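Take a look at this one chain, the form predicted on its own, written out in structure tokens.
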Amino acid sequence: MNKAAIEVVDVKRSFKSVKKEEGWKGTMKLLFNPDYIVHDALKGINFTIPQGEFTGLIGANGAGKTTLLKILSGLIPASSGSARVLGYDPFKRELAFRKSISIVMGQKAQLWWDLPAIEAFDLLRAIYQIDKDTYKKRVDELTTLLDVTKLLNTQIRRLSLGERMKMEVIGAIIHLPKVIFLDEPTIGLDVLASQKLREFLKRHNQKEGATIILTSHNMDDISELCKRILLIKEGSVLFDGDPHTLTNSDECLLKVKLGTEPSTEELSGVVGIVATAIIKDEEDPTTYLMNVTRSRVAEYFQKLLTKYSVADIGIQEPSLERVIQRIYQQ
């Protein structure tokens, strides 16, 4: 069994902010007797990740994903509980720990914007004390794989978003860290750039055995890269396991085209499923997608025929995004 790379035990994190009332009285109160609001970003998180595992961390905005990554990378401390990464307490920021991890935040540039990419990498080589021959070999290999060799002498700020993100990823793994935290690395990227980056990350994980935690709202990132997901809602873990077990359930999507345009509420009453499990096609208002139990499809079809004229019917496998949406709604 692989040794644990990350261990999180009952980790909680709270933030305190000042509440300001309107008017000058509110301003005076803010100065002399402020009221505070406490927000619990994490509410007792527990999980263990073995070395070499590629894990997805997903949830809505404000669920606590970035807060958790900041705790694991040592940027902020936990309010209570214990977090260990490669056996280190992250917030102590020991040199050996910092050399063993990296973090990429898709919405925040970490390379020096006014420097050409190659000079930014040269600085990282000096910081991490990488042998020159080894460094050159890695830069050549990584830039070739991500198809950015011709851009090495271009200033970071003059690169497109996709090109910059590729450089950010190269800068983050140039010292071959054992643990990598990726916070929305494909945000804003086009389909081709996202796919290139996913292929690169998968190859790096398999070749180097790095432990990777990825947060993303793009379910293609999660389904293609992660063998395990942690689904977080309001600071708590709702699901921890293989994402494919969510889509391999007895549920499926029943796609029907009717001769009329009933509301989802009306259709819900006829079929006998909740209205939130029904989606009307925006381009064709007579077509509906219904999240139903696979073993009862014939029953639902018969109910539809008693009330409506059915022009077409089909069964689709539910997407990971749709399944997670259902979990959140429930």
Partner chain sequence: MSTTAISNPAGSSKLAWQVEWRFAAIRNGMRDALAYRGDFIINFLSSALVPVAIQLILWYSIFTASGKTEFAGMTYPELLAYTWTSLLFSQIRGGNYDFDLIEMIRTGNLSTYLVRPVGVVAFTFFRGFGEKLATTGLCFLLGIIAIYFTQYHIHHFIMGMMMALLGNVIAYLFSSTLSASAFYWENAFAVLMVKNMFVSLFSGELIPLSIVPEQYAWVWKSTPFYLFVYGPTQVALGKWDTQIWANNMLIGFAWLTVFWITLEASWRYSIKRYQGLGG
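Remember, it's a predicted structure, so these values are computed and weren't measured experimentally. Positions refer to the first chain, counted from 1.
Note that the form predicted in complex with the partner chain isn't included here; everything after this is about it.
Three-residue candidate spot S223, E234 and H244; no residue lies within 4.5 angstroms of the partner chain in the predicted bound form by any non-hydrogen atom. By the criterion of a heavy atom within 4.5 Å, L123 is counted among the residues contacting the partner chain in the predicted bound form. Interface membership of K207, defined by any non-hydrogen atom within 4.5 Å of the partner chain in the predicted bound form, is confirmed.
Among heavy atoms of K70, some come within 4.5 Å of the partner chain in the predicted bound form. Within this chain, E199 is remote from the site of the partner chain in the predicted bound form, having no heavy atom within 4.5 Å. Distance criterion of 4.5 Å from any heavy atom to the partner chain in the predicted bound form singles out D131 from the list D240, D89, D147, D131. None of C252, L159, L142, M105 but one reaches within 4.5 angstroms of the partner chain in the predicted bound form through a heavy atom, and that residue is M105. For the partner chain in the predicted bound form, the listed stretch (224 to 232, 176 to 184, 190 to 198, 252 to 260) containing residues with heavy atoms inside 4.5 Å is 176 to 184. Taking a 4.5 Å heavy atom cutoff to the partner chain in the predicted bound form, the contacting residues in 15 to 34 are F15, K16.
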